[in-house]
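Single chain ahead, by itself, as structure tokens, in the form predicted alone.
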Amino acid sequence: MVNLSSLSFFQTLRAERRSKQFAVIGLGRFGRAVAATLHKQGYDVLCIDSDEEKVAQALSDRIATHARQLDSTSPMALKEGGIFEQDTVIVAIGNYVQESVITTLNLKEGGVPHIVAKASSEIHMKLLKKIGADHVVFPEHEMGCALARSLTRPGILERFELDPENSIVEVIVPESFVGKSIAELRLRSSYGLNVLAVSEDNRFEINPPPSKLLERGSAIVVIGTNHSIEKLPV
């Protein structure tokens, strides 16, 4: 779901045109995935962990520009390691609440412009926000919600929550929709939904015309309220 309170954070990131430097603290699966993706996109990534083997592995796997072993709960170690000089720091040690909170506080007091932190619980998330994390992610919670939705509504392939009441979803064309045009289905009046795209030959046609026929095995992308989406026969 889009966190509206974090919009200013992302707007600030977008507004800054200078070359960004990233640091990732914590080289578990989440931290490694973030570091690898950033590094693959050509960004300067500094990886940090207290475990020497994980640091060596990050360098060996080439998911970081630089990697250092240090204790992130120590402000002096962070300063000497050049962490306070980074544009954005991702605190990926969500499973260790105390270390996560102390590290985030150290980064805030050290003047890091942008701090992103991983939370492992609702309370952890509130603590991170309270001490100044600019953006907090809760991946386990989000993945759990997505899995539950996919098990109960298998016809919905992807879901992007705009806010608690509205979403954009990609759904398999329901059997009752096959062979009918968008105009015939009257999705706006019948379901309160607007069609954004229709798949065809492994590609999506954006803003399809009302005469577009829906085929079996294809997908449509619609936007609307969650209540309206739940009425779809998927």
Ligand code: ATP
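Not measured: the values here are computed from a predicted model. We call the rigid core the largest set of C-alpha positions that still match within 1.5 Å between the two forms. Quick note: we count residues from 1 along the sequence shown, nothing fancier.
A second form of this protein, the form predicted together with this ligand, is not displayed here; the remarks below concern that form.
- Heavy atoms within 4.5 Å of this ligand in the model of the complex are found in one stretch of 202 to 210, 186 to 194, 169 to 177, 50 to 58, which is 50 to 58.
- Not displayed here, this ligand is approached by Ile93 to within 4.5 Å at the level of heavy atoms in the model of the complex.
- By the criterion of a heavy atom within 4.5 Å, Asp71 is counted among the residues contacting this ligand in the model of the complex.
- Contact check for Val45: every heavy atom lies farther than 4.5 Å from this ligand in the model of the complex.
- The shortest heavy atom separation between Leu27 and this ligand in the model of the complex is within 4.5 Å.
- The Cα shift for Glu53 between this form and the one not shown, taken after rigid core superposition, is 2 angstroms or larger.
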